[in-house]
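A lone chain, given as structure tokens: the form predicted alone.
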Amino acid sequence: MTDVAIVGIGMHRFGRTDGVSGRAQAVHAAREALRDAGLRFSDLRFGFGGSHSAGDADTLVSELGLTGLPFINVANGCATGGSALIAADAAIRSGQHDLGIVIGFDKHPRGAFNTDPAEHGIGAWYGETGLMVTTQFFGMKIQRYLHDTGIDPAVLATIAEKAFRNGARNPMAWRRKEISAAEIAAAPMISHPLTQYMYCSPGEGAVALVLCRADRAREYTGRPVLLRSAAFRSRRYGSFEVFAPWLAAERADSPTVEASRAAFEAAGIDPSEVDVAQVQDTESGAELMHLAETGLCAHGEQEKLIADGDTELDGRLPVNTDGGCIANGEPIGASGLRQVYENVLQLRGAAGAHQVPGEPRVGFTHVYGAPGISACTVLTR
């Protein structure tokens, strides 16, 4: 088994880009990643990619190059990008291929995601109660978590304030205006205790990564970043997850717990060694819960961690340094790859105004989505 390196990264700015298709954004990101690695599309041996609403990734070869390479579509909800990355990682580690590309992109219509319960094996009643609108589910989940841990709900506004502050420093982010915690807390209530500015929005954007065998990385870049591990897990019986229409009598861990543990074990790295982390923040409560579920802290410790400034750019454990989903929005196919893109920038020391100090060496990413799935990575330089 060979190690894997990321040698090229490319991105199309997240947000709303009227008149530019999701496919065009994907092509832009791919060409940027190839340029970053000093490669042509004809040099690549494989591709994996996916989108929820903007078309089939394999058809991007019409613009990038009809070279005959195997390009496989990946669809796995919010973990589409993470799953494509895991597939690419396996292709290189197994020795099947030595150089390829991963592309995630999307262009969602305005408004909330419109999902049919039948697509998830759920009766129409689940949609009729309003729970297919995930704002309600996340409101219920964080209410329960705050009750169980005794954490002050005021921390939810502080988390969102950090997201907008970091997003304001990130030229690729959608929301680039700082919003105070007081304004966030006073915004219209969407699903108690989560207000309007505590949620992310469906959006647009694209990310591409070029990966290769680690022993060849210096051929393409002077700043390779190692993909030490990538892990994916789905829910177990008893976990409380989005689009799960029942609760078991006994609770089970979230798939995030198992995915992050598997990623850290495969990398041979402890969560305490992480220098910069990107965790799913569909809304403020998600970041709060996932900090503990990923092993970055213990349950109940988040409030002090955040109050002490540890999750800020200059803190002990900077989290969602590019503004996360709250500031960037969530184009489903690209969201997980955005996190990896950001960590590569951070480990290269190339994140500009939102660069964390101290020359970070270990980065961690975590993405979560319906119907209870989680994908995590560990990166090092």
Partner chain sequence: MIGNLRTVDDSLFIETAEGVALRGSRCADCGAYTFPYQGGCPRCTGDSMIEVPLSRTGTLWSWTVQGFRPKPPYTGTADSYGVGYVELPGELIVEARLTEADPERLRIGMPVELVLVPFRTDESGVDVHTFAFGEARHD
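The structure displayed is predicted, hence computed values, not measured ones. Residue numbers count along the first chain shown, from 1.
Just so you know, the form predicted in complex with the partner chain exists too; it's not on screen, but the next bit is about it.
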Next item on the list: Tell me, yes or no, whether Gly95 is in contact with the partner chain in the predicted bound form, where a contact means a heavy atom of each within 4.5 Å.
Entry: no
Next item on the list: Look up in the predicted bound form whether Met189 has a non-hydrogen atom within 4.5 angstroms of the partner chain, and give yes or no.
Entry: yes
Margin query: Residue-level contact is defined here as any heavy atom of the residue lying within 4.5 Å of the partner chain in the predicted bound form; does Ser272 satisfy this criterion?
Written below: no
Check: Should Gly139 be counted as a contact of the partner chain in the predicted bound form, where contact means heavy atoms within 4.5 Å?
Finding: yes
Notebook entry, point to check: Which one of Ile72, Ala298, Leu247, Ala154 is close to the partner chain in the predicted bound form, taking close to mean a heavy atom within 4.5 Å?
Noted result: Leu247
Notebook entry, point to check: Among Thr195, Ser201, Thr221, Thr135, which has at least one heavy atom within 4.5 Å of the partner chain in the predicted bound form?
Noted result: Thr135
Next item on the list: Work out which of the listed stretches, 111-119, 157-165, 87-95, 304-312, brings a heavy atom within 4.5 angstroms of the partner chain in the predicted bound form.
Entry: 111-119
Note to self: Heavy atom within 4.5 Å of the partner chain in the predicted bound form: which residues of 119-156 meet that condition, in order?
What the structure shows: Trp125, Tyr126, Gly127, Glu128, Thr129, Gly130, Leu131, Val133, Thr135, Gln136, Gly139, Met140, Gln143, Arg144, His147
